[in-house]
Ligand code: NAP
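To begin, one chain is listed below as structure tokens, in the form predicted on its own.
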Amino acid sequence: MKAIRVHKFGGPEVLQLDDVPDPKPGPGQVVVRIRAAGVNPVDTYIRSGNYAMLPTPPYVPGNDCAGVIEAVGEGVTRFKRGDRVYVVRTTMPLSGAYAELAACDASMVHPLPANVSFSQGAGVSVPYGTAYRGLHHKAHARAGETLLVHGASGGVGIAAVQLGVAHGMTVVGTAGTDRGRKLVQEHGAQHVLDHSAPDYLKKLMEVTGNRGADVILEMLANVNLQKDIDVVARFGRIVIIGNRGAIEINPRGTMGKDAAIFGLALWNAAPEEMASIHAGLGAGLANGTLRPVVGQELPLKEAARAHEAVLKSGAYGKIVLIP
């Protein structure tokens, strides 16, 4: 089969299209024929060698994907050949998602409803799992609270908007382009702000009656964390989902408000948390509440281009690779 492999850490140019042996399912595993693979910022951090947990090269990148069951291993009864599925985690590094086939533990695979395309399915696991864990497991968001999604037009951002709306929250989303702001509005945010405008935080305070946001999901903490501290409400919760550098903050801003700042990495979720996440996501996909947005579809051989695009400003939905 064809697969993208990283033989040494570095820039996007190290993503190499190789011929590799087809994976075989071990006990408790399935092999998925991949129809679409999701590209996430974390994939680029790992590829560059700048991440806390690194595989040993050569490895096949990626975990998010969707497709059909190609083969089932011993002891697997939940799936049969031909079933439509989305994948939470592959057996990367040996069998990642940037490939035609991937081996996965059956517990890391979930049914893909017929109303969800393969490209949409490739945008479920990391974006929606991250947003769900941030909103529910970390911030313990409550209906009626105000949610600020700082950078709402990307994959995680749109997931957070949809989940917040479904949870009965007042959702404020920010985006840096007209196209992005339109997308955020179309997916239910009651207020949409331009985070490139100098007065957008003033507008946030106006729409919240000067209370600020109860929950903030932050996609670029090295730019926005001090701003978040300034506008979080009393007893508010800030969840850091994305960060690309250092920032100096004044913690005093958290003290008078009893505000909390949480870090989040999806791979830290315990098995019972993952089961909770995907029970919720599966129901939302099936009933149409959750609708992953695909921003770009690129051929598998253009993985380097996808890695460049996923880090550009003006994010719009999910970038997927098509084998």
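Residue positions are given as counts along the sequence shown, with the first one as 1. Quantities reported herein were computed from a predicted structural model and do not represent experimental measurements.
This protein has a second form, the form predicted in complex with this ligand, left out of what is shown; the following refers to that one.
Novice: Looking at heavy atoms inside 4.5 Å, which stretch does this ligand contact in the model of the complex, given the options 91-99, 238-246, 106-114, 164-172?
Specialist: The contacting stretch here is 238-246.
Novice: Using heavy atoms only and a 4.5 Å cut-off, decide whether all three of Thr177, Met219 and Gly314 touch this ligand in the model of the complex.
Specialist: So, yes: the whole triplet contacts this ligand.
Novice: Using 4.5 Å between non-hydrogen atoms, is Val223 touching this ligand in the model of the complex?
Specialist: Yes, Val223 sits close enough to this ligand in the model of the complex that at least one of its heavy atoms falls within 4.5 Å.
Novice: Using heavy atoms and a 4.5 Å limit, would one call Val30 a contact residue for this ligand in the model of the complex?
Specialist: Residue-level check for Val30: no, no contact with this ligand.
Novice: Please tell me whether any heavy atom belonging to Gly151 falls inside 4.5 Å of a heavy atom of this ligand, as the geometry stands in the model of the complex.
Specialist: Close contact exists here: in the model of the complex, Gly151 approaches this ligand to within 4.5 Å, heavy atoms only.
Novice: Hey, in the model of the complex, is Gln120 touching this ligand, heavy atoms inside 4.5 Å?
Specialist: No - in the model of the complex, heavy atoms of Gln120 and this ligand never come within 4.5 Å of each other.
Novice: Which residue, Ala265, Met255, Ala283, Ala275, is the contact with this ligand in the model of the complex, using a 4.5 Å heavy atom cutoff?
Specialist: Filtering the options by heavy-atom distance leaves Ala265.
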